[in-house]
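Before any questions on how it binds or moves, here is one chain, the form predicted alone, in structure tokens.
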Amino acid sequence: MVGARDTASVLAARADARAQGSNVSDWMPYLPAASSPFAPEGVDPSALVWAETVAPGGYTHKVVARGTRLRLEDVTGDACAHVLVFNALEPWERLNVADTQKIPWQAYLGAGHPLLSGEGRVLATVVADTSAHHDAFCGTSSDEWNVVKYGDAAPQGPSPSGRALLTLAGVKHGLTPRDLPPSVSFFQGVRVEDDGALAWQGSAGPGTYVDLVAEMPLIVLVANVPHPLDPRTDYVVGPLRVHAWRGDPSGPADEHYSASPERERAYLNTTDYLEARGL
């Protein structure tokens, strides 16, 4: 057979495996991260700690240090990054979407918006946003939803659900499905109409990005799948570019830190928690 691979012996299998080592894909991490051909403008590539292009219908995950700046970029205008963050020190502390909307008195995500846990602490902050098309209402897609809409939801299939992919990502960090709360999503906007209906607004177009700063050590889970309210009948989603680099957590000099008494208290709670652990 033309192109058949010889793995009939240990030596042949080793040679075959090594022969695959030079293969590359559009959907893979760049190792080392400094080798990324898409390093954000103004960022020293040597400072990168994570660089990856996530496939349409793919997922990724990483543990990042406090102060890490994480950029998510919508390359084509069709990405939809469904994101969960957990306290890497104690993963039972996780994103709480209700508090993320309540504490800033703002349901729509944008620059300066803190992502809060149920403990009144800030897990991460949105510090830059060129998209303004996001959602903190709907969460990600479920298996049941995708089976009805696309006919399949298997994570290895043509139309994986966000829930299935976040579950796979979470397992890598000892998390079970019951540990996964509702997620937030970036690059596909949702707004609430006057009658309370949720209206999908789509993307802001290609080339937009969102920057998050990790306010504590984080487990980050990302699924790149269509938004549940996307009215298109086909499974449409574009590549998602991810870069992260060393930086500093928010502090009193940052405008968003004390934008309201509630936000300042949340940041102070975070600092108090971390300083007691020597961080």
Partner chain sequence: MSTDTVETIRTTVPVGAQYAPGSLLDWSEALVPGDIVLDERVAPNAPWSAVVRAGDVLTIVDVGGNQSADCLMFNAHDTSERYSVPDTLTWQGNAYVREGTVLRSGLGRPLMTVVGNEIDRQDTIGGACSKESNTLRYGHHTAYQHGCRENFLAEASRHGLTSRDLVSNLNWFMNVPVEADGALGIVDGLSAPGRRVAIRADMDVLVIVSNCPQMNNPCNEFNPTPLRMIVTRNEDTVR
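Residue numbers count along the first chain shown, from 1. Heads up, when I say rigid core I mean the largest set of C-alphas that superpose within 1.5 Å between the two forms. Given the structure is predicted, the values throughout are model-derived calculations rather than measurements.
The same protein has a further form, the form predicted in complex with its partner chain, not shown here; the description that follows concerns it.
Review point. Taking its partner chain in the predicted bound form as the reference, which of 201, 159, 101, 130 has a non-hydrogen atom within 4.5 Å?
Key: It is 159.
May I ask whether 23, 55 and 60 each come within 4.5 Å of its partner chain in the predicted bound form, counting any non-hydrogen atom?
Yes: each residue has a heavy atom within 4.5 Å of the partner.
Given the stretches 183-191, 170-178, 107-115, 83-91, which is the single one in contact with its partner chain in the predicted bound form, using a heavy atom cutoff of 4.5 Å? Flagged stretch: 170-178.
Notebook entry, point to check: Are any of the heavy atoms in residue 237 no more than 4.5 Å from a heavy atom of its partner chain in the predicted bound form?
Noted result: Yes.
Considering only heavy atoms, tell me if residue 233 and its partner chain come within 4.5 Å of each other in the predicted bound form.
Close contact exists here: in the predicted bound form, residue 233 approaches its partner chain to within 4.5 Å, heavy atoms only.
Though only this chain appears here, would residue 150 touch its partner chain in the predicted bound form if you measure heavy atom gaps against 4.5 Å? Taking the distances in the predicted bound form, the answer for residue 150 is yes, it comes within 4.5 Å of its partner chain.
*asked:* If we define contact as a non-hydrogen atom of the residue within 4.5 angstroms of the partner, is residue 9 a contact of its partner chain in the predicted bound form?
replied: Residue-level check for residue 9: yes, a contact with its partner chain.
Across 15-44, which residues bring a heavy atom to within 4.5 Å of its partner chain in the predicted bound form? 16, 17, 20, 21, 23, 24, 25, 27, 28, 29, 31 sit within 4.5 Å of the partner.
Once the core is superposed between the shown form and the other one, does residue 16 show a C-alpha displacement of at least 2 Å?
It does, since the residue 16 C-alpha is displaced 2 Å or more between the shown form and the other one after the core fit.
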